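A single chain comes next, written as structure tokens; it is the form predicted on its own.
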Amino acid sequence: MQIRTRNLYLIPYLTWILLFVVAPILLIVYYSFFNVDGHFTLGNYQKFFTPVYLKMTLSSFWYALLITGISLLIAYPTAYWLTKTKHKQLWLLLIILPSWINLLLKAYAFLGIFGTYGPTNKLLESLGIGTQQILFTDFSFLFVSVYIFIPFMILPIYNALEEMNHSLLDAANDLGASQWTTFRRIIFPLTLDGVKSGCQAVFIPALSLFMITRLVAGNRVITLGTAIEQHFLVTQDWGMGATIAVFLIIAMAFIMMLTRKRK
């Protein structure tokens, strides 16, 4: 009876997965076998392995890796500091709050902040440096991307640090371990699952960015996400866009397997 009831509860979940996960993936795979004229072809997959798309793939992975690495370098000390503060909930709220704002609004806000007549250039002028071209550069793209994704890196690391058995730190201190040794041998290994979850939450969406590359980087940064947008909305070559999406799905699945929790 309990098994039958449990199976009934699974029906909405399985229906959701089939309709909004499995079906779209199958549809993408289906479209990838057709050219712009609607004829069946394997040419899209051959075209993907040309230098243009391979360079674009490497660029996407490189920028996603940079965004993830910078986010991790900032997020880990921040999460550790949060565990030591008195007003943890307030600081967590301030970190989470920007993620409630629409992504497009945040991107447009940085257009004003980094613009020629924006506050950043005003500050540089007051310091005697002069007006600089900040928008439409790699720096602006990385800065805005890290700003957007960093809450998703901080939260899992913070949770891992909070759940850690702190008596182990006392034991390490009693045995004369230095702070670096304690971090390297105890803290980091015990919070590695949180780091993996954070990297997964940042790297996967960073791999397919397209709106920030257009608005903030001015299409100077070309990623696979940008290529998919162009093929679906501009060139109307849905087959090639779907082919790129298939490889993105494979890459994301591989990353999820690589960063999954192991017993």
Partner chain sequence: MADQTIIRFENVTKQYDQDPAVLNDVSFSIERGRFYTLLGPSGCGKTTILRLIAGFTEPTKGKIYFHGKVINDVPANKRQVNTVFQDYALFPHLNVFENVAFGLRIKGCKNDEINRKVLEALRFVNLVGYENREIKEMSGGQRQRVAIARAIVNEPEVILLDEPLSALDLKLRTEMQYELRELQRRLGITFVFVTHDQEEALAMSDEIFVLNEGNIQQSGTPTDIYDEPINRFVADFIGESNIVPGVMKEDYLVQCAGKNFDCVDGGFNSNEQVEIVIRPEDLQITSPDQGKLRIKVDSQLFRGVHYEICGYDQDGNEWLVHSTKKAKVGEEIGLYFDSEAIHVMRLGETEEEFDKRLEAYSEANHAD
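From a predicted model like this one, the values you see are computed outputs, not experimental measurements. Numbering follows the first chain given and starts at 1.
If you look for the form predicted in complex with its partner chain, you will not find it shown, but the lines that follow are about it.
Listed residues L175, I96, I129, L90 were compared with its partner chain in the predicted complex; L175 is the one with a heavy atom within 4.5 Å. Using a 4.5 Å heavy atom cutoff, N165, I186 and L190 all lie near its partner chain in the predicted complex.
Residues of just one listed stretch (130-138, 177-185, 69-77, 108-116) have heavy atoms within 4.5 Å of its partner chain in the predicted complex: 177-185. In the predicted complex, its partner chain lies farther than 4.5 Å from every heavy atom of L124. Contact check for L103: no non-hydrogen atom falls within 4.5 Å of its partner chain in the predicted complex.
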